[in-house]
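Next up: just one chain, as structure tokens, the form predicted on its own.
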């Protein structure tokens, strides 16, 4: 056998071995790919079979969570980039806020609020005092700005001598473009349950429209196909906030239905054009308008509306788990407040509890019907600073000299040792507070 023939045989053998190894490798890769497909299919099948749980916050994937900036601690400085009047009477103004440090903003749940720390001059003493107030976010989450929309609070018609709202008038009269404000990260337990695909009914009374705007903008901007019905109760066109914006949304989105109620229409206000219903948003209007099917209800408004509408919805056999609500200002909703979280199981209350306010020099028997220590203090003419009334801003934080409290929900704010938040707590036993 010649040298050339031997060389060819060697090369052929080597080539055959290479081909065999390649074929084996390809077969292994193919089997691995099939195994991977099988595992993915099993995982998808198990996910699809899991029941949908209502009343939970939206689930965020790990990748999305990594891309979302974390909320900051305490107060952070923001610049007022823009202010825009939103009603003909110029009693409602939107403030667009951007962070001084220029960092991307953490997202929030539509319906939540911002907490502001303002330095406002006391009209009596002339001294500047720190005032903490909360205002609902009124737009969908944006990476570079937050928006709040604030109505100037004037004295009630039946109390013309009462002082106007300190913080709302401060915003309208003193907060200008370019000014810096101290702001806490978005918080609050009233927000859209995005995981539940039910049609939703939004009811906003007066400036209670602001969290509803955030919910509507978020859903429609995301392309949601959920049926959305917004009932907006307001005095007349002079105080009708964002009228043009809401009308454009209704024209552009077939799943969005707008129902505007004027309680006292002006001479030039035209029914069917400026508003659809005369009067207030009440259970009669809802029953005449809504179909007989299950809805999620979100309600925000003044005390009179809340105290009539929420019990009426329950009497209409709307499930408690389908009603979400928030009052604004000093309005709480006694005996109907729905607890979204439980810090601990309520303990047995002793027959008689005394709450002592050492600064005020008052010792008062606890009223079990009181919704919180804050409400109890206010009902007994004891002045206590308060803001959010939801355990988020810590402005009602008060030192505990003795005794214990229990919370109706977990506080969002950081509570100092030896202190409690009056707005979401009740006494467990005899209590002494520094208020």
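Source: prediction; values computed, not measured. Numbering follows the first chain given and starts at 1.
As for the form predicted in complex with a small molecule, it is not shown, yet the points below apply to it.
This chain is drawn without the small molecule; in the predicted bound form, the residue among 224, 167, 276, 236 with a heavy atom within 4.5 Å of it is 167. Checking 125, 176, 291, 159 against the small molecule in the predicted bound form, a heavy atom within 4.5 Å turns up for just one residue: 159. Across the options 307-315, 283-291, 99-107, 159-167, residues that bring heavy atoms within 4.5 Å of the small molecule in the predicted bound form belong to 159-167.
Three-residue candidate spot 140, 191 and 215; no residue lies within 4.5 angstroms of the small molecule in the predicted bound form by any non-hydrogen atom. Residue contact with the small molecule in the predicted bound form: residue 296 places no heavy atom within 4.5 Å of it.
Although the partner is absent here, residue 86 lies well away from the small molecule in the predicted bound form, with no heavy atom inside 4.5 Å. Of the heavy atoms in residue 155, some are within 4.5 Å of the small molecule in the predicted bound form. At a distance threshold of 4.5 angstroms between non-hydrogen atoms, residue 135 is in contact with the small molecule in the predicted bound form. Between the C-alpha atoms of residue 303 and residue 390, a gap narrowed by no less than 3 Å is obtained in the predicted bound form, as opposed to the form on display. Relative to this form, residue 216 and residue 412 approach one another in the predicted bound form, with their C-alpha atoms ending up at least 3 Å closer.
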